[in-house]
Structures are given as structure tokens and as C-alpha cells.
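First comes one chain, alone, set out as C-alpha cells in the form predicted alone.
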């Protein structure tokens, strides 16, 4: 193992830069060459590669996004595009790849691993939708971003006596809505994993208003339904002025939290340790505060379990 390549693919997540820094510096400490691959698998196909050194990753641990940039690549999943990528790996004498991203990125890494390329994956996605690990890099920073937005919305909603439906990311996973909703004191949390009753949501708004509450925050995961339709139902059934806030990609940006920086640093270090020990085709994760590694195939096929008990707590605390 002489030369390591690193790339970030798919949606960006706060903490990716901290992981890149860790991979590069751990590699250099172990006297390995490091090549940064720009724009994910698309950059791998097109040879967008540059050598990295200690200075390349200076002053990035606190920055959001990814210095290597990211892109989605349909071409990589074709035989022609994949063969181009394998050729670039041979041309640049890349002995191992560290790949950062979510489940789509992991599928690309599995394809490379099956072709004989030594790969290690680091989970980076704000959705926290990978079942084999407790948390993914970027998730808790996104939670903090949503909570901050909810706090600001509560101020203006109180001033006008309004309800506000806050749509958050997460695709088919409700973790971002659940964690932010509980921590932010939302009246209702609507997630894909749990059937919701609009009458119950409206009842909570009315009960809150009857006891003098001037604001009502409803957190809605994007994979559930249309935020504007939910807001219209609340307005009709409760006679409460209801607005919609779709946070969108603002949730992916911002300064990574201490937790995400630490998690990224640990996983970046561990990725190089695995490659040096000839362990390949692995995905890193965290379980019970311990960094773990599993086969990429297992990482992709482990069912994500929703925290029902946490959801029940949120319902009790929002009465």
C-alpha cells in the first residue's frame, strides 16, 4: 500500500472536510502518497486528480461542504464509465480508495470492491438513514441547523399567533425530523415511519392555543407529504394562520459540530488503519460510541430502525 486516493460523492455533509483532513494526515504520517479525486466518481472517470500534502488540508476542519467537491455520476454505473474509472486507478497506481458519502456512494464503492479495488467507505449524510451505524457524519450538525431555524420561527410565530409547518430533509428516514423536533420542542413531528392523524395534529394546536400558547411548530419530514397541504388542513380545522418553511439545502451547510468533527477524524484515521492491515471492502460506522467496520454489502443491506421510544417521548413532552 503506497498510494491512497480519496473522493467525496453524492450529497455533501458537514464534517466531510474533517474526514478528508484526517485521511490525508494519517496517510502522510504512515508515509503514504495521497491523491485527491475531485468531483466524486465523475472526477475519477475523467482523471481529475491532484496530489495532496499537509498544507492541502490546513484550515479545513471547521469548514462545511467538501474541498474535493462532489457530483453524481450516472456514467460511472455504465460498463464504459466504470472501465474508464478502473483505467484511471491503474494509471495513477492507486492502491486503495477512501470513499465518503451515503448509500448511493456506497453502491459505487461496492462495485469497485467487487472489481478488486481496495476500498473503505466513510458514511457522510445528513439523513442518518444507514442502518448499520448509529450516526452518520453531518447528521448532528444538520439537527442543530434545524433547531436554530425553529427558534427563529418561534419568535416570529409568537408575534403573530401563527402555526408553522417546517419541512426538513431526510428522504424516507425521519431521524432529522425526530431529533430536531424533540430538541426544538415541536408540537407535532410527522415522519414516514409512523402513520399520522391530522385530527391529532390539529387537536394539539387547539389545546395549545386554549392554554395561551401563541406559537405552534409542526416538523414534517420531506418523505411524508406536501407541507402546503398539511398547512392548509391545519388552517381550515383550527382557524389558525399557518405558514410553511422549507429549509432545503441550508441543512447541508454550516460549520460542523464538535461531534461531527470528532467522528470524522476518528473514521478518517481508522480508514487508513484498515487499508494498511489489508482489510478492504469495508464501511466504517459507530455503535455504542465505538468505531466499527462491516462489509460494504452488510452496510447497504442493514435495515434502518426508527427509534419508536424517542418518538413516544416527544409526544408526551409536547402535550
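As the structure is a prediction and not an experimental result, all values here were calculated from the model. Positions refer to the first chain, counted from 1.
What comes next is about the form predicted together with a small molecule, which is not displayed.
The small molecule is not shown here, and in the predicted bound form it never comes within 4.5 Å of any heavy atom of residue 142. The small molecule is not shown here, and in the predicted bound form it never comes within 4.5 Å of any heavy atom of residue 96. For residue 203, no non-hydrogen atom is located within 4.5 Å of the small molecule in the predicted bound form, even though that partner is not displayed.
Contact annotation: residue 125 falls within 4.5 Å of the small molecule in the predicted bound form, judged by heavy atom distances. The stretch that touches the small molecule in the predicted bound form, counting heavy atoms within 4.5 Å, is 165 to 173, out of 203 to 211, 225 to 233, 165 to 173, 83 to 91.
Among the residues 249, 107, 160, 152, the one placing a heavy atom within 4.5 Å of the small molecule in the predicted bound form is 249. Just one of 111, 72, 243, 237 comes within 4.5 Å of the small molecule in the predicted bound form, counting any heavy atom, and that one is 72.
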